[in-house]
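Take a look at this single chain, the form predicted on its own, given in structure tokens.
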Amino acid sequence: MTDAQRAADKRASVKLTTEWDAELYFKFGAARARPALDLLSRVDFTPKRIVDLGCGPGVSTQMLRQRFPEADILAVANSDEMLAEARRVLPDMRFEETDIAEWRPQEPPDLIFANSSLQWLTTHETLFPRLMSDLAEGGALAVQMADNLHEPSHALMRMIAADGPWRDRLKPIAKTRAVIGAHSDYFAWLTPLAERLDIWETTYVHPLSGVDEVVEWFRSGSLRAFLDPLDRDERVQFLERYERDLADAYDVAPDGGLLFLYPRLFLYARKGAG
């Protein structure tokens, strides 16, 4: 196949819409699940009431149900696309579609589990203490957040958005992703409210077959915000440049493979029993 034919195939494969793609998301399902499993392993008691805050397509909800089969679990998200997938997989679970930034419990939960969701929200200095106040006595807040805003995968999205015919449409979008705090910030905000507080950082190393898989990883997530305002040809141009710049940014092996680094910040805050 010639380069021109490959380019034509790529153009044909770019959808006119950028709806959330379950098949693409779950292509990296095992890698996406590892942080949630690592976070869940830190929960050191048996909660009766659990809220999965920002449940996405229900992967973390299913983990919670398997770990705590007797618990009353409420899964909350603000994406009807992802909730549709979650309800399909877990038809007997309780789901609530709402803005997770505004969510408040009707009854104090024993565990608020937020896996890769709170990095999209701002004002963590008030959000995290409020979530601690929502917990029942002796409850716990378990959080995992992507900390990749300055990794090449995300820095290049913003750079390309600011340098192209789409700059007027995309530059404001590039500024919308919240910058999460440092580990010391969460320590300062939560230490007065927690009987036990664990904070740790992990960088996951994912072997991928090439930069095209980095693109696919984020096509169902962070890239959508940049692609949504563009027409099909512009999306192709954006993705072609993104893939080319990724190849320059990552240490690509002779066979085309690369090691994709994904830093994440974790915290587990256990409230006193009162």
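The numbering used is simple: start at 1 and walk along the sequence shown. Remember, it's a predicted structure, so these values are computed and weren't measured experimentally.
There is another form of the same protein, the form predicted in complex with another copy of the chain; it is not shown, and what comes next is about it.
Every member of the trio 42, 201 and 204 reaches another copy of the chain in the predicted complex with some non-hydrogen atom inside 4.5 Å. The shortest heavy atom separation between residue 183 and another copy of the chain in the predicted complex is within 4.5 Å. Mapping the unseen interface onto this chain, residue 252 falls outside it, with no heavy atom inside 4.5 Å of another copy of the chain in the predicted complex. When contacts are judged by a 4.5 Å heavy atom cut-off, residue 34 counts as touching another copy of the chain in the predicted complex.
The chain is drawn here without another copy of the chain; in the predicted complex, the stretch among 43-51, 240-248, 219-227, 204-212 whose residues come within 4.5 Å of it by any heavy atom is 204-212. Contact annotation for 247-268: residues with any non-hydrogen atom within 4.5 angstroms of another copy of the chain in the predicted complex are 259, 261, listed in sequence order.
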